[in-house]
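First, one chain by itself: the form predicted on its own, in structure tokens.
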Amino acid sequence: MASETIDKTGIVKISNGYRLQFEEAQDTWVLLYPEGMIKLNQSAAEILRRCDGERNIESVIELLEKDFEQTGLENDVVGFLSVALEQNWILIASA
């Protein structure tokens, strides 16, 4: 799925069967699922931590830009979410 096709007004959440948690032993965020674990880099973790099922993608982008005092994060966030959607890590519901 191309990043341009993601509806930024859609509500985004972690898919059923996956759980985001901080692994102290590895000092990193991971995405757990029944068959294993995905070790996340800091950027991926920060994006997924905001995918709470209440925010739309536009809000996630705005929050990240505010929290990290950055602008222009939209392409990176949408690009990552496109990959996450293809991997079935997230669900995007119509607003």
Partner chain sequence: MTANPVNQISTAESDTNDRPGPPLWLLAELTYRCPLHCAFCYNPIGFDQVKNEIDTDTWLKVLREARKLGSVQCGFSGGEPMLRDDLEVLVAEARQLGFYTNLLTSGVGLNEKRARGLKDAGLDHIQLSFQDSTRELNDFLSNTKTFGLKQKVAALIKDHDWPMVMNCVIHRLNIDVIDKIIDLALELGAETLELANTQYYSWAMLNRDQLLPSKKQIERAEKITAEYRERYSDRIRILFVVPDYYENRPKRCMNGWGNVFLTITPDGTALPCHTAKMLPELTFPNAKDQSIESIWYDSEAFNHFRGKSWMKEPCRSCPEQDDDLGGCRCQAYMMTGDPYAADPVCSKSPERHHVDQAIARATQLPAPNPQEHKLVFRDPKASGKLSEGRDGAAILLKR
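Since the model is a prediction, treat every value here as computed from it, not as a measurement. Positions refer to the first chain, counted from 1.
From this point on, the text means the form predicted together with the partner chain, which you will not see here.
Inset, instruction - Determine whether any heavy atom of Y33 comes within 4.5 Å of a heavy atom of the partner chain in the model of the complex, and answer yes or no. - result: Y33: yes, in contact with the partner chain in the model of the complex.
Legend entry - Q26 within 4.5 Å of the partner chain in the model of the complex, heavy atoms: Within the cut-off, so yes.
Inset, instruction - Look up in the model of the complex whether T71 has a non-hydrogen atom within 4.5 angstroms of the partner chain, and give yes or no. - result: It does not: once the partner chain is placed as it appears in the model of the complex, T71 has no heavy atom within 4.5 Å of it.
Inset, instruction - Answer yes if any heavy atom of M37 is within 4.5 Å of a heavy atom of the partner chain in the model of the complex; otherwise answer no. - result: Output for M37 is yes: heavy atoms within 4.5 Å of the partner chain.
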